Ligand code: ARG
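Take a look at this single chain, the form predicted on its own, given in structure tokens.
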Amino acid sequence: MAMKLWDKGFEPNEIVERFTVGQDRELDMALARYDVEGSMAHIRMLQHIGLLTQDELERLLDGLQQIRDEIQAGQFCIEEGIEDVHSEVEKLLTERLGDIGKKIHAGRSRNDQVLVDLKLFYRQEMIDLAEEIQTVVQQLLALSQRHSAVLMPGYTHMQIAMPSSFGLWFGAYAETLVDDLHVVAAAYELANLNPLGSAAGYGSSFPLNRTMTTELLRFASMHYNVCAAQMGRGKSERAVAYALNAVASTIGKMAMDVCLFMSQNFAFVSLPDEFTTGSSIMPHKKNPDIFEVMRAKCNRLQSIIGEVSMLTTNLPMGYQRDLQLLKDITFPALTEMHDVVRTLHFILPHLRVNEHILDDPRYDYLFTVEDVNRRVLEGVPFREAYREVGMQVQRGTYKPHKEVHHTHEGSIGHLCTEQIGQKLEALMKRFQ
């Protein structure tokens, strides 16, 4: 017979069971480690307040450690007919230790149990994502320095505007990803609050020591109000969705740039043949499929804010089964986000830069602002200098001085990669 933590002597209809459980068994495998860790902290607290003996605690800790070892070794599974990871862990303990296995649930509900699992899971996911982004940012800053002197066109309104450089281009994405880390850090900090002890959302008559479990699970603090703790389910996922949106927006934009810049009309960058794909009909094609798929994945990842928001909109206070479906949205999205960032890290070193883009006379007008500013520095009023250069353009007599002298912070000649690195280092401390 299937084990259910809410068993009261009857089995639900098979169709109802299948529909409501959904993908929980598969998705809960990602939570197994955290479920065991949460239970270890919980039973230590139960022993501290007198609901378990020292002997029972030690036997239960040994049993949970064995299950944790099995999880790490890939030998753990949620059996067919078992409702979720919590039921599987309690079932294994009861089979191996007898009735004391049934004592681990005192003072908690599946509501705060799964919320603890999710908080621990999202907390670690945000740490992992931040570390992956850190690696890419460092890579982009190195590329920025390496290509600091290689000029390229800058665009506004999709028309050539002013000189840019690959140093500026790579550095822009580095700093924007650093900015995105603020959103990732916010999601991490919201996940780093302990809901254990909120039970079904209304606390418990047991004298629980929530400060103790907060410290044991290394949460920064706790959700103090037990109703607010349960309302955190949905809020955490929304924060995670915003974090993924921010990162995906930046990487998707960069992927679009590369797709554009690899076209023959631009020819700013290229990839070795083995990192491109061909056409079944056009023998000359070398397609940037890796960046096209990256762009598509990033666009899809940005949509999950809408899914999470709509799923949680207008739910009343208290747990609702709707919230279970949040895992269906966020778990695959997190896997995809990690894949995107790791793939970007893999492909960036293979991106080849064209160092002679501005030799083409089609880019001569990029330097009009430089020539206006040069006249102003020589004493010509700005409006008059602007008019002089503008008339040369109109008459077709404009000849550029292809020299760029930008010295202010963050410009072509002063990329501030060191300062961006310092911003990154300071932000990463929020994840410690």
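These numbers come from a predicted model, not from an experiment. We number the residues from 1 along the sequence you see.
Keep in mind that the form predicted together with the named molecule is missing from the display, and what follows is about it.
- Considering the named molecule in the predicted bound form, the lone stretch of 284-292, 68-76, 239-247, 106-114 in range is 106-114 [heavy atom distance within 4.5 Å].
- This chain appears without its partner; in the predicted bound form, the one residue of 302, 324, 312, 94 with a heavy atom within 4.5 Å of the named molecule is 324.
- Screening 331, 268, 319, 219 for any heavy atom within 4.5 Å of the named molecule in the predicted bound form leaves a single hit, 319.
- Using a 4.5 Å heavy atom cutoff, 24, 86 and 233 all lie near the named molecule in the predicted bound form.
- Counting a residue when any of its non-hydrogen atoms is within 4.5 Å of the named molecule in the predicted bound form, there are no hits in 35-61.
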